[in-house]
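Below you'll find only one chain, the form predicted on its own, shown as C-alpha cells.
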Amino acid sequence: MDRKDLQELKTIVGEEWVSTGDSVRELHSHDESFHPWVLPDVVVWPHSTEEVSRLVRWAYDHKVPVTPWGAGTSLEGNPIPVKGGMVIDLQEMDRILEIRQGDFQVDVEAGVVYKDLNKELRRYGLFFPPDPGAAATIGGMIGNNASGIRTVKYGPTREYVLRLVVVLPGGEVIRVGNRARKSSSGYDLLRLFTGAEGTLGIVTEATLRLVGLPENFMALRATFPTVSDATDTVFQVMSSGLVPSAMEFLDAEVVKVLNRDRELELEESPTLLMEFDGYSEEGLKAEMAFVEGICRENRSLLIDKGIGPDERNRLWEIRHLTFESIKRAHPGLEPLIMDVAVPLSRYSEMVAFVKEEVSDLTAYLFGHAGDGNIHVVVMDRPGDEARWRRVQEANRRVVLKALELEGTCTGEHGVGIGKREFAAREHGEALEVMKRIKETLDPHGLMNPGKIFP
C-alpha cells in the first residue's frame, strides 16, 4: 500500500478508519486457532453497505485480496488474511436496525454481537437461538453457519437467515431472500452465502428469524462411571422422542480442568449436561423423571437437577468456560481443536475411537452430544516439530474416522485453513461444482483467498 492507495481508502471511509499500524495489523492477523499469523497490509472499518461496496470495488480494480473480519473468534483460521491485502473489519456496523416483534424477526448489521442482540431481544420475549459461546458477530456466524449448545433443538444459524444484503466481489450489492417464513422461489442463495466463509461475498445486513423465550427450563447434570455409559445415554434420550434444547458431553479430564480453574467441586467423571424447555413446569418435571430413569439405567453416579433460570445458568456457565479454562491450564502451549460430527447412532463408537487416538496427548474431549458433534482440544507446542506432527496425525486420523462413519470433517467450525485437505474426500465431485461457483463470482480469487479449497 503506497500513500496514494491509502488516501483513496481514506476518501471512502474517513481518515480515522484506515490503519497500517503494527498493533492493529497484528490484531487482525490471527484468530483463536494455532495457524500461523499473517499480517494484512491495511485494515479498514466501514460504516455502511455503500462503503463496503466501494472498498471491495477498489480492491478488485487494484487486484488487492480482501478478508472480511467479524470478532476474530473462529477456530480454523477462517479470517486469517493469508494473502495479505485488505482486512475489512465490520465491527463498526453494529446497529440493530429494527425489531419486528409481530413477525418474530429482526434486521441487523453484520457487526452486531449475538449476545448483545439477545440481551435486547429479551425485552420483547424473543431470542436468536444459535449460541456458539464466544462473542461472535452475526456476520461471522452467518459466514461460518455457526452452531452451539442449542442446535440439537433449534438448528444452526442457516435456519434463521431470512434475508441478506451481500456485497459481491467487484462491489455489486445484491439482496437475497425475503420476509416470508417459507419460499419455493428460485435457487436458495441464502444457503449459498451462509457458510461460505466470506469467499463469495461480504454479508453486511441480515434479517433473522426469532423464537419466543420459553416459559420454563429444566436443567440436569448427570455423571457416569465410563464414557460409554454417558454416550449410550445420549442415544437413548434422543431416540425416546424427547427433544432437549441442549445436550452436552464433558469428559472427566475437562471437569478436572474446570474444577481447578474455576474453583468448583464437581465430580470428576464423564458428564452430561442437558436442558429441556417448554410452557408447562409440570410437563418438564415429568420429562425430568423420564430422563432420570434413562440415566440410572446407564449406571449414573449422580444427578443434579433444577428448574428455573438460576439453576440453568449455573450449569451452562460451566460449559461456556471450557475452552478458556483449558487454555489457562497450559500456559505456553497452543491448542489444536478437532471438530467432527457423525450420525447419532455412531456417536459412542466415534468417542471411543477419539479417546484411544489421543490417549498419549494432553487432550480434552467434549461436545454437542445431541448433534453427534465432538470437540477435542489438544494442547502442545507447534514449535516442536516431532510432537506437533503427532498432534496433526491424530487430527487427521480422527477426521478420516468421522468421514468413514459418514460424518463430516467439521461440525461447526468451518473449513477455513485447517480442514481444506479433507474437502475433496468429503465432497467428492461436488467440490468441483463449488469451485466453479467460486470462480464465477470471484474470477480473480480475491475474496478471502486460501480458504475452503485445497
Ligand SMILES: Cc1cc2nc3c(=O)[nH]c(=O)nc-3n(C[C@H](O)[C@H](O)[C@H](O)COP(=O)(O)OP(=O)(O)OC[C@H]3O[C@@H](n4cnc5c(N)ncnc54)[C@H](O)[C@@H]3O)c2cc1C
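Residue positions are given as counts along the sequence shown, with the first one as 1. Quick caveat, the model's predicted, so the values are computed rather than measured.
What comes next is about the form predicted together with the ligand, which is not displayed.
Contact stretch among 140-148, 220-228, 274-282, 293-301 - heavy atom within 4.5 Å of the ligand in the model of the complex:
Of the stretches listed, the one contacting the partner is 140-148.
Although the partner isn't part of this model, could you tell me whether residue 323 comes within 4.5 Å of the ligand in the model of the complex, counting any heavy atom of the residue?
Yes, residue 323 lies within 4.5 Å of the ligand in the model of the complex.
With a 4.5 Å heavy atom cut-off, would you call residue 68 a contact of the ligand in the model of the complex?
Close contact exists here: in the model of the complex, residue 68 approaches the ligand to within 4.5 Å, heavy atoms only.
Can residue 312 be called a contact residue for the ligand in the model of the complex at 4.5 Å between heavy atoms?
Although the ligand is absent here, residue 312 would stay clear of it in the model of the complex, with no heavy atoms inside 4.5 Å.
Might residue 202 be said to contact the ligand in the model of the complex, defining contact as any heavy atom within 4.5 Å?
The answer is yes: residue 202 has a heavy atom within 4.5 Å of the ligand.
Considering non-hydrogen atoms and a 4.5 Å limit, which listed residue (354, 75, 247, 340) is close to the ligand in the model of the complex?
For this set of options, the contacting one is 75.
Which of 90, 206, 374, 234 has a heavy atom within 4.5 Å of the ligand in the model of the complex?
It is 90 that has a heavy atom within 4.5 Å of the partner.
Which of the residues spanning 359-379 lie within 4.5 Å of the ligand in the model of the complex, based on heavy atoms?
The one in contact is 368.
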